[in-house]
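Just the one chain here, laid out as structure tokens, in the form predicted alone.
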Amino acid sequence: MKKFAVIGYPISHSKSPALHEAGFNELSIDAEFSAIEVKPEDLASWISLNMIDYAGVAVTIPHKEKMVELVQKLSPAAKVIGAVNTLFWEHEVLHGTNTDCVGVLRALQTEVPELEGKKVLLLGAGGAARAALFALQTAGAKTVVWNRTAEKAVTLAEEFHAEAAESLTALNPDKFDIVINSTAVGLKEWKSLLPEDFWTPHHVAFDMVYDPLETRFLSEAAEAGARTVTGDQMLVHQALEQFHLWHDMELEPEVMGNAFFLADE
């Protein structure tokens, strides 16, 4: 039986085991998927001592950036993004890649199949924002980055040859087709970075937060007539890409999508 796992700290919240085990059951794969708590100070030793026992490992907060230094080969996406969320072996070499960027792209494409030329406002400048920016640029979208710490937005925008906005109030909402929240604002709280009157029916709103699924950000966008993309879409699609990398098999999105909701029951 092949072994897979997700590592992070803390890890009890992770839905990865439920998503991947649903795939195992659907395609009759003889494998198991564990959630393993690994403290930051123990990460390097865990990889050195335990990774050999696993065919693949998902990496979550707070280990994604540190993992860049611990793999033997980085994918182009992981190198640019500066974060690894997926580990796998190839010819006894430990590879690290990033499927978050795929998750962002495919989640958005559920509402906007063609992203080339679309104008995007990206809220945040952390690891999730980096994955989103990489995905958006790959798809040909034009992105403006805003962050509560303006210097971080400017630095990220310069690195990716995008634009930065220093003030949300100075932005014209009509200039954007898509607005993405990559911050933790809205996680288990009824808050949004944007005022309620920002939204129009022209917008597509995408919130990476998935607890709760209906965030204030998305609720106010929907009330204004905007289309919305919930955070579970990104989680599911990045996991589907992991599944494909590890098993070389295609899995219908609905399988993991249903498992996302069943994991809460």
Ligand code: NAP
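When you see a residue number, it is the position in the sequence shown, counting from 1. These numbers were taken from a predicted model, which means no experiment stands behind them.
The discussion below concerns the form predicted together with this ligand, not included here.
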query: Check all three, Val6, Ser16 and Gly56, heavy atom within 4.5 Å of this ligand in the predicted bound form; finding: no
query: Which of 89-97, 133-141, 185-193, 67-75 lines the interface with this ligand in the predicted bound form (heavy atom within 4.5 Å); finding: 185-193
query: is_contact(Ala125, this ligand) in the predicted bound form, heavy atom dist at most 4.5 Å; finding: yes
query: 4.5 Å heavy atom contact, Arg148 to this ligand in the predicted bound form; finding: yes
query: Interface membership of Ile29, this ligand in the predicted bound form, 4.5 Å heavy atom rule; finding: no
query: Partner contact for Ala35 in the predicted bound form: this ligand, 4.5 angstroms, heavy atom; finding: no
query: Answer option from Arg106, Lys152, Lys79, Lys118, heavy atom within 4.5 Å of this ligand in the predicted bound form; finding: Lys152
query: In the predicted bound form, the one of Ala224, Val204, Ile61, Met51 near this ligand [non-hydrogen atom within 4.5 angstroms]; finding: Ile61
query: Residues of 230-250 having any heavy atom within 4.5 Å of this ligand in the predicted bound form, listed in sequence order; finding: Gly231, Met234, Leu235
